[in-house]
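Taking the form predicted on its own, here's one chain by itself in structure tokens.
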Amino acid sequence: MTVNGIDDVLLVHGGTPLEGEIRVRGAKNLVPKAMVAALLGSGPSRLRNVPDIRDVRVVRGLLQLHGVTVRPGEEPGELVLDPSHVESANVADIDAHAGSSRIPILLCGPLLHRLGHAFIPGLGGCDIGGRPVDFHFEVLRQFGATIEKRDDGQYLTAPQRLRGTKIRLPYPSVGATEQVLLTAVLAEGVTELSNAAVEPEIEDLICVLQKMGAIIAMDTDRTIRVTGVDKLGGYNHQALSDRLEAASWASAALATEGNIYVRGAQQRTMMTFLNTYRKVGGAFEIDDEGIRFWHPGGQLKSIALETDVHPGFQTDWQQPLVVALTQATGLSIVHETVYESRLGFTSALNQMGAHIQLYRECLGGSDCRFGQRNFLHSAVVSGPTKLQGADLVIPDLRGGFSYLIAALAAQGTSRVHGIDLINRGYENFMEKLVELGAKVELPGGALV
């Protein structure tokens, strides 16, 4: 695998505990969406705590193609976005920028409001299971958009002002909830969204939109009501920290018997993870600036774990923690209920010496929507097992970071291919590895 002419490989010499301090910035699952929201404003917006990750760069490029001025602010990690001169973009340019990301579909509503039309090319993203984009288009149709499918993508038009509507999601999808929010705020009338996602990143996006002048109410039964307004202004907002990245480093500390202080980690958004981390046998200490995670010694404990939408155990926490569960004593059961194909990454862990068996049945918890559909979505992890270095090819973002953790915990050297994919959601991850004492190098002996 080659990126920009350079072999996209990292050599990882395992067996060394990760120790030290790293910082997490704003959430990957919020910052790009807050950047898209700036399109809706009549004036500039200021977004702080922005991580330098590929998804941010993709959205920055797409916004600039549409005439939005994006420049660094006065402090590190700050962006100023000025949508005063929004314009149509060249189809080929959009396609070139959007090929590796699904975020462009969220530009539809804002562009329909600003320009009356939008174009969405074929979409990429991590291959971890179904993420049907057709539902996004159906939602936009309900708002009054007209959609024409062509060879190079989808062309959307809004002959009249978009109108509020009633929508019930079949599953509390984060992406679908974001689509409705970004479209409903300037639509005429009231939009009622039932069975909505209520993740902390959704709440933070609602905070952004409310700062812009939107009227959005969240009920306790996963219903969100949006009263459309005629005009929105800019915002000044500090993005909430990335709880998914923080949990990844926490799992790395546990799997390598290390000690990592994650500056920027926030207890409030990680409470479910912290409970599980403690049950496994991990230790943590919380202060006003972050959370310290460490392996306190002794045996880790096996657990039964079921992923779910917030406030349940997040699916993005599952893969890194499974690596640590290979070092726990006994049988751990993992039931994945969010993405049907997310456990495929475990085959590489087995090649490294883990004992993980996948099942089609719903194990260790309630029945889920995948139970009757022949998907390998439950796992039994038997441990502890000694991991050995191996050749690994990264399958997706979280699975990729999980392979890094496994390689760091293993004896011997691993060649991890496709590491550039990790840049989608982990800021400066290789520099952070070095800061934590990891023994990693690029092919040819070049240090990271």
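Since this is a predicted model, take the numbers as computed values, not measurements. Heads up: residue numbers just count along the shown sequence, starting at 1.
The form predicted in complex with a small molecule is left out here; the points below concern that form.
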| property | result |
| --- | --- |
| Candidate stretches 23-31, 376-384, 39-47, 56-64, one within 4.5 Å of the small molecule in the predicted complex by heavy atom | 23-31 |
| Residue 352 within 4.5 Å of the small molecule in the predicted complex, heavy atoms | no |
| The small molecule contact at residue 80 in the predicted complex, heavy atom, 4.5 Å | no |
| Residue contact check: residue 327 to the small molecule in the predicted complex, 4.5 Å heavy atom | no |
| Touches the small molecule in the predicted complex: residue 306 (any heavy atom, 4.5 Å) | no |
| Every residue of 252, 420 and 434 near the small molecule in the predicted complex, heavy atom within 4.5 Å | no |
| Proximity to the small molecule in the predicted complex, single hit among 148, 87, 287, 134 (heavy atom within 4.5 Å) | 134 |
| Partner-contacting position among 143, 261, 345, 339 - heavy atom within 4.5 Å of the small molecule in the predicted complex | 339 |
